[in-house]
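Take a look at this single chain in structure tokens; it is the form predicted on its own.
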Amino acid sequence: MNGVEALGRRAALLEEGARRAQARALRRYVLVYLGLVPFLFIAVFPVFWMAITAFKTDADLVNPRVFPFWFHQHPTLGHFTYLFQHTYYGDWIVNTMLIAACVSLVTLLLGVPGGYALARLGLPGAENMGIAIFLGYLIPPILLFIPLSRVVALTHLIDTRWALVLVYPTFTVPYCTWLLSGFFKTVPPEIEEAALVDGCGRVGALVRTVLPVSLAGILTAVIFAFTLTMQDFLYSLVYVSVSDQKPVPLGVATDLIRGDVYFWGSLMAGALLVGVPVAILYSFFLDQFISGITSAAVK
């Protein structure tokens, strides 16, 4: 009986220890998520405010005697209707996507061979060259738009969306070249050596062996170029003044703010229609983006 009682007490102690461990784990998770609540609020509140404002009537928006964070009149689609019927919002979306796609393509066409050369060809001073290229990205745009204005004027692209395709690579290519060079250094050189032994040239080895295993880094560069292109305001303000050639950030800010009159509902609707789908799309590539950034940074 003593042996049975001892086993029973031991089982009870083990069970009690397991319950305490579960309780500690639960408390830890609760504390972690409670700590994340302020950051979640900071991230979600602007989107919530945009959604509320986009669907409110004008009378509901300007009424100071009502609770501002909810509807007091029936929601309306009037702001979205005004956006598409009385502005060039459809053209702005097309311009933004076209500019972002072209800049991303140019960035890859220049950044991939540049990053590969810095990482693999053993160029003299390659490390210092990579740092110098990265420092070029850090030059403030406010210092560059004046000399770039001369370039745009000489190419006769002023007031067209192609002016932005010309100037945006000046800050996407340097950073993405540095980023990709760090990522290419993480690829085992034996893969390329095997391809070279099998008869591939340097370009063939790059295309057939290095790029397929570097998709995370390439995707990171595309996301970076796409994001910077979509969020820029200064260059588009300087180089594009024709309404149907503007990207969304410039068109929404300039055509929906007229003197001291702010079309708040349409402003928020325009930001919501572009911002939320892009954020959702990025969420599907978040793991690859983090992998590409960390791999390059660690290297």
Partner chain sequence: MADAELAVGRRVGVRHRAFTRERLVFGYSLLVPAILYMALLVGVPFFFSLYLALSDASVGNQVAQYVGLRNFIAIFQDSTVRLALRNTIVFTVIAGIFKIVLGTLMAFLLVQEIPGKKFIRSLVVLPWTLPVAISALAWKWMFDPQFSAINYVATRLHLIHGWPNWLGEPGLAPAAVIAVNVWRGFPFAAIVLMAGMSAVPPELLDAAKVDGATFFLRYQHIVIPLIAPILFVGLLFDTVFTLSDISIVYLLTMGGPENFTEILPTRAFEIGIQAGALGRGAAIALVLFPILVPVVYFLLRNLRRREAL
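Numbering follows the first chain given and starts at 1. Model, not experiment: these values are computed from the prediction. The term rigid core refers to the most C-alpha atoms you can superpose between the two forms while keeping them within 1.5 Å.
Another form, the form predicted together with its partner chain, is not on view; read the next lines as being about it.
- Judged by heavy atoms within 4.5 Å of its partner chain in the predicted complex, the contact stretch among the candidates 78-86, 91-99, 209-217, 223-231 is 223-231.
- Its partner chain in the predicted complex comes within 4.5 Å of a heavy atom belonging to F67.
- Contact between L144 and its partner chain in the predicted complex is found at the 4.5 Å heavy atom cutoff.
- By the criterion of a heavy atom within 4.5 Å, Y137 is counted among the residues contacting its partner chain in the predicted complex.
- At least one heavy atom of E127 is located within 4.5 Å of its partner chain in the predicted complex.
- In the predicted complex, the residues of 46-81 lying within 4.5 Å of its partner chain by at least one heavy atom are, in order, P46, V47, W49, M50, T53, L61, V62, V66, F67, P68, F69.
- Annotation: Cα of L31 displaced by at least 2 Å between the shown form and the other one, core superposition.
- With the core superposed, V242 shows a C-alpha displacement below 2 Å between the shown form and the other one.
- Comparing the forms between the shown form and the other one, the C-alpha position of V47 differs by 2 angstroms or more, with the core used for superposition.
- In the predicted complex, the Cα positions of P38 and I223 lie at least 3 Å farther from each other than in the form displayed.
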